[in-house]
Ligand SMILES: Nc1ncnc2c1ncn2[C@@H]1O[C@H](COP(=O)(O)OP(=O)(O)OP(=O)(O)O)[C@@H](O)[C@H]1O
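Before any questions on binding or motion, here is one chain by itself as structure tokens, the form predicted alone.
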Amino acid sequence: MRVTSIISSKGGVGKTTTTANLGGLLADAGYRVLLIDFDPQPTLSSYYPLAHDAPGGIYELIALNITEPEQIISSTTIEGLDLITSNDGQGQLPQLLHGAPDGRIRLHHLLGQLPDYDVILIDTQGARSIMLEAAILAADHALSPITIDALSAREFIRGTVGLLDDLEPLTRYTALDLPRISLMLNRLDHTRSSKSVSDFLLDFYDDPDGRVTVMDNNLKNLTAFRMASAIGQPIHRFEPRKPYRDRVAPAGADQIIDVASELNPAWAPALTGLQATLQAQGGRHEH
């Protein structure tokens, strides 16, 4: 089981869209995937239609230690893609975790009691909080989308990476290691300012042995991502190939497949097979 938390201490950088699209893609590639909506604003919980809506969700998992699948795990209409919804409407979980001796590591321990998924993807709150800390400590790897502007770059360095630095002392008293971070450029365009921020980040994190790796692959600023989310479809189904030859940006499907393959090369063979099927079938396009 691979646990990836999609993290940022800044909101609005595309964490939920990235989580949902990766989950839908991997499920269609044949993996058994669990999405966990760990954000008090439950956008991921309503991203895809549900085939089965469990009576409980993240509140029951964290506050009551309920791990029975029939109680907390919903299933989406995408085969192989399940979901633990965010249902802490009263905002009680942060206070509960602050007061619990195992608050920051509780999610890590509870994930080990869930069914055996191939992939768990955790969507997180865009703010520094104990919920974000718990999601980081539960992960084998972290993916951090970043929009290409100077403010987002500074917030990533100060906020997201600073948070991991602050968590480092905690690992001395637990058996947990902090995850490495894959930094993914999101909504990339071809402006000079975008290139400037991209070049700065590549230069700043040029140490291959460092905590942060800037990914070679990224997601472009396409309206197709917004259109796909509006109808509850993953981008690889909505735009399996480029709608017209002259468009510079690759198809949405190719972009998310390249990101996923770089994130975990072990997924690449299954994703390559899915990519060939998508290109043969075609689908709905952006115009």
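In this text, residue numbers run from 1 along the sequence as written. No experiment lies behind these values; they were computed from the predicted model shown.
The same protein also exists as the form predicted in complex with the named molecule; that form is not shown, yet it is the one meant from here on.
Residue contact with the named molecule in the predicted bound form: F38 places no heavy atom within 4.5 Å of it.
Interface residue remark: Q275 is not counted as part of the site for the named molecule in the predicted bound form, having no heavy atom within 4.5 Å. The closest non-hydrogen atom of L222 lies within 4.5 Å of the named molecule in the predicted bound form. R106 falls outside the set of residues with a heavy atom inside 4.5 Å of the named molecule in the predicted bound form. Just one listed stretch, out of 204-212, 185-193, 164-172, 70-78, contacts the named molecule in the predicted bound form at the 4.5 Å heavy atom level, and that stretch is 185-193. Contacts of stretch 107-146 with the named molecule in the predicted bound form, defined by any heavy atom lying within 4.5 Å, are made by G126 alone.
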